[in-house]
Each structure stands twice: as structure tokens, then as C-alpha cells.
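Just one chain follows, in the form predicted alone, and it is written as C-alpha cells.
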């Protein structure tokens, strides 16, 4: 699929420094002058050693961190939204409809059943119809046993929690996907399922930005690599 002229995401001049308040306000520069774009139908893999700022980039795009400098332009419905300047309300709206984020950890409200966690993604996105059948189908595809669907995932194994994390994002066709090591803790069969889900996502036109420490997974899903070393901030 040939990417269209206008990217879904365009990042320009992005910089981030952390202030360590518990260490006398020491400043830790992480990123400097980062720029890239991702078009619909692409999967951009962030490449570089641990600690170079890959996860920080995803958290900046998702609004968990504030940018020090730079712009992060999201194009949606002929609008351009600068994620670096967007209000908290706008970020929350985009999380419901536009930006899906698979983090390394599943953070959910205790005692909420697994099936409801997945179905809530569709409800929040305004899904027209009963959200339970597609939620069940996605849990089945990711091999979460039906006996676990009415249980909260807080006591699940790491691999089961990761699959719930994946189900709650891939159940909805988000136009933008941010994936932080989505196959961590997964066995070979589930890893292959996630590869297929990612390939299907960019094939339908999603713009994907991901971190893949498993090189076989990265080679299977990425359409481009971005070497993060060029944006390493000077200490």
C-alpha cells in the first residue's frame, strides 16, 4: 500500500528533559530535536538501546508526558491537532476514538471483569451495537479462556494480562496505534497472533509507531526503522 501524501503523525523539533525532584532538581535530558512522520499504512519501529528514550516518545504522543519543545501534529478528519499543545479534554477525546496505546503494563480498575475492560473500549468509541460479541471474539483470538472473562485480570499471569492489554486496544480500529513491546511475555503462538493483528492494522490504513525488542517481530511488522541515536540529548 502506497502511503498518501499527508502523514497521520508528524513530529518536529521534539525535545524532553526530566527534572529529578528527589535528587535536588537534577535535570536529565533524554530527547533533542526529534523529527519523523508516519503515514496511514505504515509501521514505524523506533530503534536503539534501552534508555535512549523510545518509550518516552510513545508517552509524549499519548499525552502522558508534556513536551519541552517541538510539535506533534495529528491529522484527523481534515484537522491538524498539535498534541504538544492539546488540552487534557482533547487528549482524552483522542484516546477514546483515535489513538490506541499498548503499554508494557495493564492498568485497570480493580474488580472490573476482563470482558468489560475490552468492551469499554468500544463503548467509549461510540460503537453502534452490542460491544460484547466483538470483545469476546478478540479475547478468543488472543487465547484468553472463557472461564476468565468474568474475572478481573489483576491476578492473571503476566502473559494473560498482556493479552488483555492487547485485546482492549485491537478490538477497535484506532487510526493511530502506539505499541510498547506488544509481544513481551508472550509465547510463540500468541506472538504470531499479535504479528497478524499489527499487519492487519497497517494494512487497513492505521499509522503505527512501535518498540519491538524481538527482532523477528520487528522484521515481520515494521515498514520503516527510525534510529533514535541521532536524537540522543547531550548530557
Partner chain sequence: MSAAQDNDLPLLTVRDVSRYYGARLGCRDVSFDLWPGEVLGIVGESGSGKSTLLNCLSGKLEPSGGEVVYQTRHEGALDVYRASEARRRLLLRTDWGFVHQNPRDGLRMAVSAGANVGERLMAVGDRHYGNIRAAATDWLGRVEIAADRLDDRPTAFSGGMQQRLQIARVLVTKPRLVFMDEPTGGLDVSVQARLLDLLRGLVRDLGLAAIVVTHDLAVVRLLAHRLLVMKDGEVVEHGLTDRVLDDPQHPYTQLLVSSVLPA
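A quick note: this is a predicted structure, and the numbers were derived from the prediction, not measured. Positions refer to the first chain, counted from 1.
This protein has a second form, the form predicted together with the partner chain, left out of what is shown; the following refers to that one.
Taking a 4.5 Å heavy atom cutoff to the partner chain in the predicted bound form, the contact residue among 145, 133, 129, 110 is 110. With the partner removed from view, the residue among 210, 41, 53, 63 that has a non-hydrogen atom within 4.5 Å of the partner chain in the predicted bound form turns out to be 63. The stretch from 201-209, 28-36, 188-196, 63-71 that comes within 4.5 Å of the partner chain in the predicted bound form, counting heavy atoms only, is 63-71.
Contact annotation: residue 215 falls outside 4.5 Å of the partner chain in the predicted bound form, judged by heavy atom distances. Put simply, residue 92 is close to the partner chain in the predicted bound form: some heavy atom of it is within 4.5 Å. The partner chain in the predicted bound form comes within 4.5 Å of a heavy atom belonging to residue 123.
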